[in-house]
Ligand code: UDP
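What follows is one chain in structure tokens, specifically the form predicted on its own.
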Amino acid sequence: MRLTIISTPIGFLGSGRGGGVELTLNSLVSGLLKQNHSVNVVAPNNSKLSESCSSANLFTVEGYEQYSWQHQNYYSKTEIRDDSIINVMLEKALSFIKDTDAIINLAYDLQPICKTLEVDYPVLHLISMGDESLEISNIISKVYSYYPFNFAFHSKSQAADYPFIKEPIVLGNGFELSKYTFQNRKEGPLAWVGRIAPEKGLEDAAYVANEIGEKLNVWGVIEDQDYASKIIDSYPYGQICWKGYLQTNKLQEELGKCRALINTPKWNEAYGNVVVEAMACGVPVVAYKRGGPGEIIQHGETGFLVKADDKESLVLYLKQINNIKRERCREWVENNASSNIFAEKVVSWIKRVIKEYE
């Protein structure tokens, strides 16, 4: 097939600001190319694809960048501007209609979803977040009533955020496993990975590390400096080792040296990419059973799940983490979340939608 993929409008590909969508896009494109599909990618200016995606056609655009939805009030109204990045990306993607079979939209935004009702052409939406905006939830509900197969989700718990989705199409996610090296270590440091923002719950991981008297290595883009400063001020100097944002090849090398990953989301994670990235390196995970991680981690086999916000249970299970066989972690990823498996699921979904337009 000939496919066009719309990236997130939040940050350029490679900046880390797009969060999990950046990883999803690169993994998906890599998997599709291996299956000999032709792929166009439309993304913000300065974007770069990973090496495994080099044969894809990358088209970059400039425009006004809106605030990310998770950092707005749930009842906020969208300021729709013609020069917004999402509008310019959508216009560019639609220019390929005569030469492609479908558009796959990865942006959690109004305009691409609205456009589904305006064009007689397959525009598919892989929703990247739970219900973070009433306005977007309402437009998904409206479009879903006409085109139910045009929407897919990363996990069942994410789809459950939208009660009108009766039989969700759940695709999981995929990872280019050749980029992740298995490391069979059990004496390394503790790790936390994610955007440094309140919904990610870094303060709970810092509390846990402090309780057991260990430093916590933290990787990620600092989106909220005030939030990060409050955490720094709450614990002794050097308790948190800030490592910054790293591209996949460097991150996995450092992450693989860790004894465990602590995952502490305060919101309903759509999937939990960092959980799988850690497991791909052989690193077991102790996480809140909230959102996607609750469907990924096999309790007692690849890590431990605890009740959301139960910091004391995190402490308890971290003391048992060396009972987990790291080989099991890598094995789960190979069997459930490779880029090839993910691409196959996405292709089946695309073909199903295309049939609805014939």
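These numbers were taken from a predicted model, which means no experiment stands behind them. All residue numbers are counted from 1 along the displayed sequence.
The same protein has a further form, the form predicted in complex with the ligand, not shown here; the description that follows concerns it.
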{"query": "Position in contact with the ligand when the complex is considered in the predicted bound form, options Pro112, Gly201, Gly220, Gly282, heavy atoms within 4.5 Å", "finding": "Gly220"}
{"query": "Among the candidates Trp267, Phe149, Tyr162, Tyr235, the residue which, in the predicted bound form, approaches the ligand to within 4.5 Å (heavy atoms)", "finding": "Trp267"}
{"query": "Partner proximity in the predicted bound form: Leu246 to the ligand, non-hydrogen atom cutoff 4.5 Å", "finding": "yes"}
{"query": "In the predicted bound form, Ala343 touching the ligand (heavy atom, 4.5 Å)", "finding": "no"}
{"query": "is_contact(Thr116, the ligand) in the predicted bound form, heavy atom dist at most 4.5 Å", "finding": "no"}
{"query": "4.5 Å heavy atom contact, Ile85 to the ligand in the predicted bound form", "finding": "no"}
{"query": "One stretch from 134 to 142, 72 to 80, 89 to 97, 274 to 282 that, in the predicted bound form, holds residues within 4.5 Å of the ligand by heavy atom", "finding": "274 to 282"}
